[in-house]
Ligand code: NAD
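Here you get one chain, nothing else, as structure tokens; it is the form predicted on its own.
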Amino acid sequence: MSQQTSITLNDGRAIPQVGLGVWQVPDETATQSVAEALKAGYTHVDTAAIYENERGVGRGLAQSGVTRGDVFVTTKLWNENQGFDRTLRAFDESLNRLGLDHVDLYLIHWPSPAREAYVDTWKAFIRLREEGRARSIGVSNFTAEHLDRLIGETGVTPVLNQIELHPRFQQRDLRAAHEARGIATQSWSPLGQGQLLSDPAIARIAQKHGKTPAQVIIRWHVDNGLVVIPKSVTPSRIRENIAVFDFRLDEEDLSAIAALDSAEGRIGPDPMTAKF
């Protein structure tokens, strides 16, 4: 396997470009998946409090025998725990479930603007970063408007925004907003929840490179400078998803995938209208 690549965040720390996502993975299964991923060469795991598998992720990390400093661990704060004091308590609970003394990245999972709490939440995140217990801090599902309010009211820019992003929903405007503000972009549902694996254009590119459709899509994220967290619980797929560093997409490939973008491509909730 070729060398894993990384992105340098605006705080100077590096995040591996390809990680293991564990959304909708049961707690016990997460233990096995994380251990398998670390064995396969992953150095990045992404979980969240709402996934209810932080304990399983922590067990997988512990059982793997991999040195803690060699694994980049992300978790996220759920919406109902927004607010300064509640955030601090929820973070402690996440650390306890993970069995860790710090996380590498802590994210506000959704802006949940109706709560009017994400700025106070961000102030708690800043404290956690100052304490060294959350080494880097960022957000998920934030719009440019939400980002600008955070930055304007606290003076601290998130290192990263994790958003729905895949070839049918490429989020070019938001990615440009991130770049202008020095914020890295991370993709959730990077394979379009499997809907893109049978796309004819992706299939042609996969055949051309002798790769699978999933590998082509993951490589597309990498070639676009994105951080990507494909989910799988199948050992062979876990290994397949990180075997993407021995080829690159050419301009013809990138143009064909660019043409798949659609204004109707969103699969998940819209952060501006989500009610949770």
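Start at 1 and count along the sequence shown; that's the residue number. Keep in mind the model is a prediction, meaning the values are calculated, not measured.
The following text describes the form predicted together with this ligand, which does not appear among the structures shown.
This ligand is not shown here, and in the predicted complex it never comes within 4.5 Å of any heavy atom of residue 119.
Taking the partner from the other structure, this ligand in the predicted complex has a heavy atom within 4.5 Å of a heavy atom of residue 193.
Within 4.5 Å of some heavy atom of this ligand in the predicted complex lies at least one heavy atom of residue 22. In the predicted complex, this ligand sits beyond 4.5 Å of every heavy atom of residue 91. Interface residue among 57, 244, 229, 37, judged by heavy atoms within 4.5 Å of this ligand in the predicted complex: 229. Proximity to this ligand in the predicted complex, taken as a non-hydrogen atom within 4.5 angstroms, holds for one residue of 170, 189, 185, 112, which is 189. Checking 230-238, 29-37, 58-66, 203-211 against this ligand in the predicted complex, the stretch whose residues place heavy atoms within 4.5 Å of it is 230-238.
Of the residues in 40-74, those that come within 4.5 Å of this ligand in the predicted complex through at least one heavy atom are, in sequence order, 46, 51.
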